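Have a look below at one chain only, the form predicted alone, in structure tokens format.
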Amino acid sequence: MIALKDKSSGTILGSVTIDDQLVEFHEGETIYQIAERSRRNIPTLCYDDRLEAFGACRVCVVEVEGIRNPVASCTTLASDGMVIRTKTDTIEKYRKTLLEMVASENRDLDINELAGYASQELGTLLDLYQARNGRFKGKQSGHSNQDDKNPFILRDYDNCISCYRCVRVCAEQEGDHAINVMNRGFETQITTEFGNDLRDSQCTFCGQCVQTCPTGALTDKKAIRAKDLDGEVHKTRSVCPYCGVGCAVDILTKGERVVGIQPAMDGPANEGALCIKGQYAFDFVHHPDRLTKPLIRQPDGSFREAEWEEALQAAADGFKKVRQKHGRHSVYGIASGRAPHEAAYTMQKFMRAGFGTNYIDNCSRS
């Protein structure tokens, strides 16, 4: 379950009793949102806080006094005086049976964490409820499309549970509608328009579908390459370097090697979204041609390595030479849109006071 910041707002409409605790609720809040806010853990599989509640998996059902059957907490709006129980023997048995039925179709239950941000959700719930896939094992739906030659996303639909989070995030968050649902029942399949490869669809390879998938049916091809490398996976919070938006990312590493990038679901600028560059363009970090020391161009056009002090002096001399030969308007400065105020001030001072020109902008415009 991908959850973001508390979005409750509006007028307080009343209160509900949830597991013997009286809790006030706001206009438009669902039982699930109230439970999350009051630290009641309700399991989900088809839920992503960024998307419209779907109520398909039914794992989030709860008991409400006066209603005969359990209700899906993610789609049921609260009303004043409700008495709710999120964890009873009956509900827990119901959830375990549901999980066993869901898992009965899946080829793999133990998914490598490099597959995607949410890839462990089904496995975690199966372990929690001690549920596996043998009890209802039988006919399967979904067929893997491992022939798709795109370099980023593995479409392993033998592990799909038809939660449709991938389809919904593509439509609701990205507006791409690159993938959709075809057929019904055991013939259900996630597909592109006309069954094409992702490269021939509207897909922008933002990776949103991968990161919301709770089963690893959609897998990050680049990250999963490192599954056999020694060492544990560590996450380090950082900021994407590619533009001025400032998307928060979690850098996945094994030892000293960057093996993948995941969007930060609580990132203030992106809330779990990334573009293709932010998601997949990290190979340069370990590229053998990456510069590790400053280079100074020689008269014959070749370069030689130098120390920073010498390189900075060479750059300063180059600026002076250009200004003397071509005038103050021959230099144009571009600053980072995410630079601190002090750095931005220094940059504009460098251009305006140092060169006497207003030719300066920032990368947020690009």
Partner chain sequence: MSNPLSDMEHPNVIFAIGTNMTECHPVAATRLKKAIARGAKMIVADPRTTRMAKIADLHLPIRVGSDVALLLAMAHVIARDDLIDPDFINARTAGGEEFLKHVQQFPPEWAAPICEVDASLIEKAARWYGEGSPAAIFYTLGITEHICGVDNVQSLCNLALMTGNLGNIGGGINPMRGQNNIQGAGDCGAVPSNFPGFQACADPENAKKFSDAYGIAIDSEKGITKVTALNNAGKDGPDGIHAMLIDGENTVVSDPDKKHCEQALRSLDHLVVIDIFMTETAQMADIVLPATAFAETDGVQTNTERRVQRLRAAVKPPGEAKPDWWIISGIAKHMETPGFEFQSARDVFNELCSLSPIYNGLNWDRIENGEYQWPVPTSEHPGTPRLHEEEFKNGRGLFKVIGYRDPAEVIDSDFPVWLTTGRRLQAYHTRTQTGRSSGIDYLLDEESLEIHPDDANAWGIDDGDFVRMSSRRGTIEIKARLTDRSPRGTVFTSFSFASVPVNILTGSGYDPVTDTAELKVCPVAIEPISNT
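Here the structure is a predicted model, which means the values were calculated and not measured. Residue numbers count along the first chain shown, from 1. Superpose the two forms; the largest set of C-alphas matching within 1.5 Å is the rigid core.
FYI, the form predicted in complex with its partner chain isn't displayed, but the following is about it.
Heavy atoms within 4.5 Å of its partner chain in the predicted bound form map, among the stretches 78 to 86, 175 to 183, 122 to 130, 94 to 102, onto 175 to 183 alone.
At a distance of at most 4.5 angstroms from its partner chain in the predicted bound form, none of the three residues I34, E52 and L114 contributes a non-hydrogen atom. A single residue from the set R338, R40, R58, H26 has any heavy atom within 4.5 angstroms of its partner chain in the predicted bound form; that residue is R338. Interface residue among A72, M265, I261, A226 relative to its partner chain in the predicted bound form, by the heavy atom within 4.5 Å criterion: I261. Put simply, V167 is far from its partner chain in the predicted bound form: not one heavy atom of it is within 4.5 Å. In the predicted bound form, its partner chain stays beyond 4.5 Å of every heavy atom belonging to G14.
Using a 4.5 angstroms threshold between heavy atoms, R68 stays clear of its partner chain in the predicted bound form. Of the heavy atoms in R257, some are within 4.5 Å of its partner chain in the predicted bound form.
Within 4.5 angstroms of its partner chain in the predicted bound form, the stretch 287 to 303 places a non-hydrogen atom from each of H287, D289, R290, L291, T292, K293, P294, L295, I296, R297, F303, taken in sequence order. Relative to the superposed rigid core, G28 undergoes a CA displacement smaller than 2 Å between this form and the one not shown.
Shown in the overlay between this form and the one not shown, fitted on the rigid core, is a CA shift at T17 smaller than 2 Å. Put the two forms on the same core and the Cα of G123 is off by less than 2 Å between this form and the one not shown. The pair G337 and V285 is tighter in the predicted bound form: their Cα-Cα distance falls by no less than 3 Å compared with this form. Inter-residue distance, R338 to K222 (Cα): reduced by at least 3 Å in the predicted bound form versus the depicted form.
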